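In the structure tokens that follow, a single protein chain appears in two forms: structure 1, then structure 2.
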Structure 1
Amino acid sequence: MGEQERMVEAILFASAEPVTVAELTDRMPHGADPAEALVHLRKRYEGRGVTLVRVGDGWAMRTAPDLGFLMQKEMTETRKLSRAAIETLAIIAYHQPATRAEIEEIRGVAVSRGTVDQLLELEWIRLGRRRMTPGRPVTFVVTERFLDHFGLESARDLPGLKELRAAGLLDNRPAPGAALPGEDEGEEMAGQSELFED
């Protein structure tokens, strides 16, 4: 098992992308058990500067989360996403699989082809299965690259409403028709809670 751990470690260390157990099995000698080696390797890396993490169906070596600040100088931001791209990405992440019509319904405006193309080019979203509805519209889902970039094992690990509110990432604007500041506070709070209920 020690030799198998070394093989898995070498493959993961050399790979820029997460590697699945099936891919490890294909690369390793016949009879090897990469799944078992991953279990041992993950324990071995606990508490170290580098950890073994699951990303979707794959596994990858990543810097320990508490040491991420050491890498800040290494990271450069080459392109910022537009507000439309961020909103579109968030809708796909939280509502996947989502069609263009569903994205437009939630955003309240048309989604430009450029916005979707940019997210596809970044490989943060991909085409999903077609819906079995009239017109058979294509759906969009997030990719493992998206999960990896944000340090998520799966889309289920996305922050919920409470976490987003605590981080100050949600507007506290009242819902349309709710009381304005200075009017009845109870009505204003009711309007805000309705805004985030759905």
Structure 2
Amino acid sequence: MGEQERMVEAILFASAEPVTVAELTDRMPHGADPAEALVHLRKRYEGRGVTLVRVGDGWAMRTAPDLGFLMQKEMTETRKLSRAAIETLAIIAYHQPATRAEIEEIRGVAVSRGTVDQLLELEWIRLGRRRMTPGRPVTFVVTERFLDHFGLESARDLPGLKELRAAGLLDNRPAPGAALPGEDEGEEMAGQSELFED
């Protein structure tokens, strides 16, 4: 086993959070190539009790999911998410960046502040860039912690994403008549929320 592979192994092993290649390079001696070591290491841990997984830009060691039953003791009690929170999370993940108005349009109901706060608190979502439309609404995007929690390499790996996209269900389809050609998005959103909110 190469020295660099040992180093990467030790660093990833010691950390509960994913570590990026840049961070690895930073911590390893000058001239090290953690990317290559990661490839070897990943192979080495295939099929083991602990595996090397990719999370967004980072890498992390995680126990194999099929052994979860052994970990009663380590299980962390997670607050049960409300249906509203789960749906809001899914909408943000699949439509990101998503504004509150977009979430409300899809669910057909107002999003309560608590729901968004809960997701922010879990650090599963965070604020993205503001949308360049009138009112410059904030957008929400999912975080690396979200990816880590659900064992996703990237948001592109969300289950069913491709099918949804192919079916046009991720399109931002304006309500007919709500937006006349040339009208901007902000007004369009307003038109839609009129429909379902009062």
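A quick note: this is a predicted structure, and the numbers were derived from the prediction, not measured. We call the rigid core whatever largest set of C-alpha positions still superposes within 1.5 Å between the two forms. Reference numbering: structure 1, starting with residue 1.
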Working through the pair one at a time, identify the form predicted on its own and give its number. 1
Shift of A35 between structures 1 and 2 at or above 2 Å (CA, core fit): no
Distance moved by the L161 C-alpha between structures 1 and 2 (core-aligned, Å): 7.8
Once both forms share the same rigid core frame, by what distance in Å has the CA of L67 shifted between structures 1 and 2? 2.8
